[in-house]
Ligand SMILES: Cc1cc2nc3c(=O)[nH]c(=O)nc-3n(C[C@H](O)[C@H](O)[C@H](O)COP(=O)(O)OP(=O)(O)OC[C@H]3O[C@@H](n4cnc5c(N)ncnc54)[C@H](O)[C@@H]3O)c2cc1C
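Quick heads-up: it's one chain on its own, the form predicted on its own, in structure tokens.
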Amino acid sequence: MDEIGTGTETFDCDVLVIGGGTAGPMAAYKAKRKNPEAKVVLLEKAHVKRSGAISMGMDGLNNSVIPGYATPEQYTKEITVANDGIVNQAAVYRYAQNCYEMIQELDSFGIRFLKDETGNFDVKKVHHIGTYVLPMPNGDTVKKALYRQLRKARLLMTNRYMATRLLTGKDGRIAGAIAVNTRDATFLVIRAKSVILCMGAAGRLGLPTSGYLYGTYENAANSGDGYAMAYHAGAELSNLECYQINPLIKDYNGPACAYVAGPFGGFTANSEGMRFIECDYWSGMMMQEFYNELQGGKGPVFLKLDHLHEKTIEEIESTLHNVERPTRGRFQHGRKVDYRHEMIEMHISEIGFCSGHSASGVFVDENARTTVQGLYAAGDMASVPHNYMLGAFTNGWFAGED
């Protein structure tokens, strides 16, 4: 596999993909598959094998639109309602029409999804109306499987380079990017005919209000640099007022994942041990209900699993501690807390931007195009609401092939 040598001052390519997390590798892979003769470069500030918000992988797909369980029309309606009608339905609908094909392709890569005794995808119901959650028993192998496909495609990958600024021509069209090596501070100028931004969310806006460095739902390395780079290049931003706030495990950088425990009988409870969340999972009203409970004197709020059978808790632990956040088990062990004997205290995250869990991002159309010619965006930093990991893969596909 070819690699860009350290110390190279300038480099020319056809397609530059910035971000090696979820959307980026898929965008690069699809661009190379569409035109094998094209010079496609994937730029990552860490290492493509283990990077981005998902690091190794994920425990499941939150928004899979699979025939027999949900329709594109139903999904588009639910997302529209969840976002109070402030949504580009064309982008949501195209995702909903094509995400099942993406699931099938990921399955062919060796990423194993939960299936029933007939061999069909075993989709779980978490939302009030549609059925969208597809568990992934070996979700921690997502990045490994994807990396194998990148190597087979023989596209150019360069790790440890962090993009800092986009380049544009006199006509305003995208022209490339500037990057700096995170190990030796070498600068690299990449001239490109097209650029695809897949740089993740803005995990935190400013210093934490708590006064200590906890409280991020997203990967703490997701600093929002993609938003800033797109803005300085002239790209339109969208729905920033629809920022992200989510429930966390108290004092831990990571989600509570009550939705993961939901199909097994777990739930979010107040200090009296009572269930209180009434709205749908991806509605912004969930955090309002959380806030109301705290203000009403029924806090703290907890993740409640202590009423479940030992075997059920072991299954939930396997997902939460081995796939979703490997550090979570060590954190809880250090705190001497156990799902079996007590409820786990939750807290509210810092404010962030993330279309993957809300709607705030760089504006894109149904082809993942931004308002700057030649510039695309996909994943958590693009404005397709609630697109999660599967949306990152699917919209990365659209960007790469366009």
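Heads up: residue numbers just count along the shown sequence, starting at 1. Source: prediction; values computed, not measured.
Another form exists, predicted together with the ligand; not displayed. Remarks below refer to it.
Quiz item: Which listed residue (Ala359, Leu61, Ala31, Val362) meets the criterion of a heavy atom within 4.5 Å of the ligand in the predicted complex?
Solution: Exactly one residue meets the criterion: Leu61.
Quiz item: Quick one: is Leu16 in contact with the ligand in the predicted complex, heavy atoms, 4.5 Å cut-off?
Solution: Contact check for Leu16: no, nothing within 4.5 Å of the ligand in the predicted complex.
Quiz item: Taking heavy atoms and a 4.5 Å cut-off, does Asn219 contact the ligand in the predicted complex?
Solution: Asn219 belongs to the contact set for the ligand.
Quiz item: Is there a heavy atom of Ala53 lying 4.5 Å or less from a heavy atom of the ligand in the predicted complex?
Solution: Ala53: contacts the ligand in the predicted complex.
Quiz item: Does Val384 reach the ligand in the predicted complex if we count a contact as any heavy atom within 4.5 Å?
Solution: Outside the cut-off, so no.
Practice problem: Tell me the stretch among 157-165, 271-279, 298-306, 234-242 that has any heavy atom within 4.5 angstroms of the ligand in the predicted complex. | Solution: Among the listed stretches, the partner-contacting one is 157-165.
Quiz item: Taking the ligand in the predicted complex, which residues of 79-115 have any heavy atom within 4.5 Å of it?
Solution: Nothing in this stretch is in contact.
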